[in-house]
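Next comes just one chain, in structure tokens: the form predicted alone.
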């Protein structure tokens, strides 16, 4: 049994409860930034976003402004976007190609290797002034797996591949959709805020228990389009899919496909013009991977969670989604579409349509989810004193596989979160017991 200020975890008694203060208390967010975001591998970007020497994009990673850049030799670097002189951001553009990053405040400039190359009036500095020691600072750790790059601000953590654990198998399923193993971020980005705690989006992003109640409009739309949403039992997964603990707080829901995928069986909502391209993509998978692996890649969906704040939703499109807490009751969400390099225009059209119409902020799913999370936040905040605990025991008494509508994968997140917040390793024993 694991009892902390945050959770009650007693698999022997089929009991798991979450202290609702974890979702409303600003002091807990302060601890999270130090004990989770500063110590875990955080998604920084995809290799395809910067392809040529001098290419760069700017964004925030774990609360820090950074520059993801190709240096002069084509290597990928991640610099903190702050001038070594007075701290101003040295790059204020979102993306581009440059040989110099120029600080507008006092004119210091840096090359795309991060070296300080120009200081106006440098003759006024003493002899001890050493430009070689004042280049842009790089993050302590920066590593990649199959084109997905992660940063960590703790130099002592295990390597990225160890951290990803069994999540690597699911990233492989994403990348294998491409004939040559090359995936790319498609131009365009979704950005929106949700007035809710960031951990609620972790739960929501792979909680299929809410599908029929929250997304009933989308399900009716699919039925009207001629899609059979009653998924037949497949060879690979149970009828309704499964939830899995992938280690180190990573988890997934793994479902038989019914909503269509650009590399899977054609469905009516794609239109007749897309049918030959979808069928050709499936045939290519079979030829390259064999029937069993091709079915696994094409005919299953997965919502993959990489602890603490990355979701790779590999469904009717591949959506990469990250989120950062602006406050204990507010988060900023960023999402990109990912697709195979060189896919046909009709396949790209199908992919982007799915990216917009399901996961997009104006799509058929995300507005429902935003409303649900904001309603949850309002309910928690106003009643936390009278109703201090949330129950999270769905599926806990089962032996063997857990369904995607159970809550094993949610408990997996909370156990890892609790272990990092408390320095408690008992969570691993609880996972093993369940």
Partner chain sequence: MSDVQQEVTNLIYREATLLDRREWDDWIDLYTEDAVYWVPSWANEEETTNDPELQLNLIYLRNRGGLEDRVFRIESRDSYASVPLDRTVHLVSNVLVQKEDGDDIEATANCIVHTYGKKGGLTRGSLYDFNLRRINGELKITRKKITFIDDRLEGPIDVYHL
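In this text, all values refer to a predicted model and were calculated from it rather than measured experimentally. Positions refer to the first chain, counted from 1.
The form predicted together with its partner chain exists for this protein as well; it is not shown, and the discussion that follows is about that form.
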*asked:* Would all three of 282, 286 and 290 be in contact with its partner chain in the predicted bound form, where contact means some heavy atom lies within 4.5 Å?
replied: no
| Does residue 345 reach its partner chain in the predicted bound form, with heavy atoms at most 4.5 Å apart? | yes
So in the predicted bound form, is its partner chain close enough to residue 193 to count as touching (4.5 Å, heavy atoms)?
yes
How about residue 401 - does it come within 4.5 Å of its partner chain in the predicted bound form, if we only consider non-hydrogen atoms?
no
Residue 349: touches its partner chain in the predicted bound form, heavy atom cutoff 4.5 angstroms = yes
Which of 173 to 181, 92 to 100, 77 to 85, 125 to 133 lies within 4.5 Å of its partner chain in the predicted bound form, heavy atoms considered? The stretch 92 to 100
Answer key, its partner chain contact in the predicted bound form at 4.5 Å (heavy atoms) among 189, 157, 165, 117: the residue is 189
The listed residue (362, 121, 271, 276) that reaches within 4.5 Å of its partner chain in the predicted bound form by any heavy atom is 362
Looking in the predicted bound form, the residues of 319 to 342 with a heavy atom no more than 4.5 Å from its partner chain, listed in order, are 332, 333, 334, 335, 336, 337
